[in-house]
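In the form predicted alone, a lone chain appears below as structure tokens.
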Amino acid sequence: MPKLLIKNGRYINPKTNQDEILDILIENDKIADVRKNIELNGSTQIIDAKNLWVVPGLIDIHCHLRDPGQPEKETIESGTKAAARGGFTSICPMANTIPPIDSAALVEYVNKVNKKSGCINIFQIAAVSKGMQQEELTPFDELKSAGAIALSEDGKSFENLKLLRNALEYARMLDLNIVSHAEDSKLSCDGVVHEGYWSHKLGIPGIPSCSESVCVAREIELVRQTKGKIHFAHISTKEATDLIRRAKKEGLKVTAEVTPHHLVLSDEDIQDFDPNKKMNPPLRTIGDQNVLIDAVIDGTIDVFATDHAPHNIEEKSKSIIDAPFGIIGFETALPIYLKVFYHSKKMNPLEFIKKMTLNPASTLNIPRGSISRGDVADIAIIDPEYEWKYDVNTTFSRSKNSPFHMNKLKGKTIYTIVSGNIVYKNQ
């Protein structure tokens, strides 16, 4: 493999708190040197990164790939290509495939398929319970040995609290994190959108905020009891955010993530009945949205995720009542987060990049998130000022379910590099 030299880029490495103009030399799959004015002769590929950010490869700890079971929606090949286009070098797919990823053999299957047809790293999240039936725990030790990075029932809340208590204790012994989909299904019932003014006015069944906060409250109590750790996925409400903030102040091992759509869309946007604005948790109020933004800034919310959830056109062409929850998000996450936090001057580049690299890596103990000498050469080269229009028909995903079709965006990945190999280049 020829050497790869990245010249003149704005090197942003949250792990070392560096933000300066430096060159990066890559040899084989590792970062060989980081300093000013690296000059080499011979067979060296050079990328001129002037006016671009050179950052650790982005990490998404919450997505869905639909493999095994639903290749018409997404495959490992199509999903990893879409993720690479968005600057992600590592992703953590959830376990709710068909069948669920509840055995070492299925974790190994994902890794084998990814090695053959994927283009970025997959760190699989496995199921907490066998068949995701919440009756019997999966073999956590075997799953970890096979490569599982965390455990979750995402798509379902933990209704069996005794099982969750046992899971937290078992996972603590293995230093694994439990990822929680905090939603009380009895309170959500058959809800479709956020329960509030707009759901009542439009006559659409609602999902109340308390369906999330009730779960967060009781799961925090189990963390306190077990001294385990839990990561709350796609937090969407003020009440849940306040609970997480208090738990962190107590020193409990609790982390949380937010997703792009909850920061730029609200329940007011469902007036057009667009099924691509149906997601779970639902779009909440502008008040919730502002609380989430503040919580990101003050550190209550640790991680930017995508919750990339592909569904085919036939499903998403149904009414907002009947269509499935979820949208795709790999290719639009970065510019949306840039809009909310960087272009608005709410966060500096180091703080911003930390939420997409170092923080997700440390949350799930993923051996990535840094671009220092000796690290694996997983790198994203980003133009934060690049203006473009998102046409969902050009996505690498097999699904097209995005509410951001034809939106003007600012900020784009120019190169994605995995283990020293360029896996995506903006044309």
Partner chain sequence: MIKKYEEKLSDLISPVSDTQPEDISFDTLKEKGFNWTRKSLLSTEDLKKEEIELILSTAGTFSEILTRAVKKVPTLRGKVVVNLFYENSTRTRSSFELAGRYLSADVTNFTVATSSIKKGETLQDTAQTLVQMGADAVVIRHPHSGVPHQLYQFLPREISLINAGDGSNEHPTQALLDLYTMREVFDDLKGRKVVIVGDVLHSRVARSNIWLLQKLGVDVHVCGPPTLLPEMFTEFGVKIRWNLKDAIKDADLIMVLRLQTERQNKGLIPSLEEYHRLFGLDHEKIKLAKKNVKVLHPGPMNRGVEITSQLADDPAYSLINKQVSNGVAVRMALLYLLIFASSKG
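Quick caveat: nothing in here was measured; it's all calculated off a predicted structure. Positions refer to the first chain, counted from 1.
Missing here is the form predicted together with its partner chain; even so, the following discussion is about that form.
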*Please name which of the stretches 239-247, 317-325, 207-215, 86-94 has residues with heavy atoms lying within 4.5 Å of its partner chain in the model of the complex.*
317-325
*4.5 Å heavy atom contact, residue 202 and its partner chain in the model of the complex*: yes
*asked:* Against its partner chain in the model of the complex, would residue 135 count as a contact residue? Criterion: heavy atoms within 4.5 Å.
replied: no
*Is the gap between residue 190 and its partner chain in the model of the complex 4.5 Å or less for some heavy atom pair?*
yes
*Can any non-hydrogen atom of residue 275 be found within 4.5 angstroms of its partner chain in the model of the complex?*
yes
*Taking 4.5 Å between heavy atoms as the contact cutoff, choose which of 260, 349, 196, 155 touches its partner chain in the model of the complex.*
196
